[in-house]
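The form predicted alone is given below as one chain in structure tokens.
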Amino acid sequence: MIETAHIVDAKGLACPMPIVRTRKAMKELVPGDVLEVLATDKGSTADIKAWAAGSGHAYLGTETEENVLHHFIKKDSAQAEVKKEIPVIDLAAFVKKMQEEQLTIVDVREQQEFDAEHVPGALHIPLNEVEARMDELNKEETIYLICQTGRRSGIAGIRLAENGFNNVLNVVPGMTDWTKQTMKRGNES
């Protein structure tokens, strides 16, 4: 059993609220403390894992009890505040740019999300693989990052910026509001 310093109840809340409450609670803890987050949103596991990795905390795991997910995150003593902001581009401007030129678009969602639908021509690099696969991207190009709501792509942008990618834009709000043509896995030409 993991000893927790604080419990956040985010049951019944959808993305991004479990992350919002987790972030707020984590600020009140001291390095080494463990936070337990109770959630019913099935997507919260991937979200909290990615958020913990991107913010310098340690994701310890998730246990499921009945229909409630218990996420455990340890505040890292080496936790560094994210000070860098990634510029954003709204969907309308992004679509206009797509019509004008060939863009480098990176979709950082999970495999099943990308397989279900994605922006035509997008490269798929899930958030948890961004650091390992950075060498697939050209630092000289402008890279447009997209996810479901703009949160994961924002984290991916920070990781790229910290590694010398100076031309990164976060497409917001992402696929949630995307109404243009999409591709499914297997129907790319």
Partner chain sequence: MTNRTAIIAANGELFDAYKVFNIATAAAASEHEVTIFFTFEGLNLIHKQAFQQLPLPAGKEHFAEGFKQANVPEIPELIEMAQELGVKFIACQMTMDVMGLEESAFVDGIEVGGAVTFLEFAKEADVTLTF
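Residue numbers count along the first chain shown, from 1. Small disclaimer: the values here were computed from a predicted structure and weren't measured. In this text, the rigid core denotes the largest set of C-alpha atoms whose superposition between the two forms falls within 1.5 Å.
Unshown form predicted in complex with the partner chain; subsequent notes refer to it.
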So, in the predicted complex, is G154 in contact with the partner chain at a 4.5 angstroms heavy atom limit?
no
Would you check, heavy atoms only and a 4.5 Å threshold, whether W51 touches the partner chain in the predicted complex?
yes
Since only the chain is shown here, I'm wondering whether K27 would be in contact with the partner chain in the predicted complex (any heavy atom pair within 4.5 Å).
yes
is_contact(P16, the partner chain) in the predicted complex, heavy atom dist at most 4.5 Å:
yes
Sort through 136 to 144, 117 to 125, 52 to 60, 156 to 164 and report the only stretch with a non-hydrogen atom within 4.5 Å of the partner chain in the predicted complex.
52 to 60
Core-aligned C-alpha movement of I155 between the shown form and the other one, 2 Å or more
no
Once both forms sit on the same rigid core, is the C-alpha displacement of G54 at or above 2 Å between the shown form and the other one?
yes
Relative to the superposed rigid core, does the CA atom of E136 travel 2 Å or more between the shown form and the other one?
no
Closer or farther: the CA pair E113/K11 in the predicted complex, versus this form, with a change of 3 Å or more?
closer
Quick one: in the predicted complex, is the Cα gap between I143 and R23 smaller or bigger than here? Answer closer or farther; it shifts by 3 Å or more.
farther
